[in-house]
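Below you will find one chain, with nothing else, as structure tokens; this is the form predicted alone, and questions on how it binds or moves follow later.
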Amino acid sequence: MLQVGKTYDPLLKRPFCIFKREGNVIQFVYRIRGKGTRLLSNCKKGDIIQAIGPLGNSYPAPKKDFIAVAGGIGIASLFPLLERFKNKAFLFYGARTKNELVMINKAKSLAKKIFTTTDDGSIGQKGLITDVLNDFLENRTMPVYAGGPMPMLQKVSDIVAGRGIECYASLEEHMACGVGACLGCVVKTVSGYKRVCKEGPVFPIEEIVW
């Protein structure tokens, strides 16, 4: 949870996944979506902001080759997995345009193979990355790790359902406290409501009630 400005407006910190850690340097990747992230983008070298973390859980370590499915900025949650298990991932990466495929060249160097799609066809195959994933999984059962917008995650859930495929999703939800106290980021699961910031953000995808 990162403070986005030097004042109390906005009051709440914003949630981000840790994109990369090298020594004592932690990197984050984000898209400017509103007032908070715009303020964060104005930070200069040497500025000091408050942070709370690390919080929540992470993807379980794969035991073999695996599939990573990323939608837009959702690549940030999967990047540490790609780095830790280099040349083990079949990466499926989709976005609206080529400009939203962030860190694409670095991702190519880490993945075993990469498939890309864009809504406008500006790079890779035109269409949805979940359609390419569905074709790829026709005769395969390797584990799937997914990060991105909720509609994409729901489609991934539909694709793997009934196939005996292990699948984990990192959910994107608005958070206020980040420590499970405010209950502002709950999602419905098959065993009741759970907090994305505390029990998540990574869940076995079959547990989520879409």
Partner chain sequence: MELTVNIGRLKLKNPVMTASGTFGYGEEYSEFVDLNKLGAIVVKGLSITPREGNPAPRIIETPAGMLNAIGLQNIGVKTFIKEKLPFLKKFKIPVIVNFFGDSIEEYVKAAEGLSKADGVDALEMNISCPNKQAGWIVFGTDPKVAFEVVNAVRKATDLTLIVKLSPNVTDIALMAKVAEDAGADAVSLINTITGMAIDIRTRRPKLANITGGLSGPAIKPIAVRMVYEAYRAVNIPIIGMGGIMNSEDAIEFMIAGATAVAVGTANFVNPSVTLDIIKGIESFMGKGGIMDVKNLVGGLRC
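Computed from a prediction, not measured in an experiment: that's the story for all the values here. Residue numbers count along the first chain shown, from 1.
Below, we refer to the form predicted in complex with its partner chain, which is not included among the displayed structures.
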| property | result |
| --- | --- |
| Partner-proximal stretch of 23-31, 161-169, 138-146, 49-57 relative to its partner chain in the predicted complex, 4.5 angstroms, heavy atom | 49-57 |
| Non-hydrogen atom contact H174 with its partner chain in the predicted complex at 4.5 angstroms | yes |
| 4.5 angstroms heavy atom contact with its partner chain in the predicted complex for C43 | no |
| 4.5 angstroms heavy atom contact with its partner chain in the predicted complex for V202 | no |
| C17, heavy atom within 4.5 angstroms of its partner chain in the predicted complex | no |
| Stretch 11-26 - residues with a heavy atom within 4.5 Å of its partner chain in the predicted complex | L11, L12, K13, R14 |
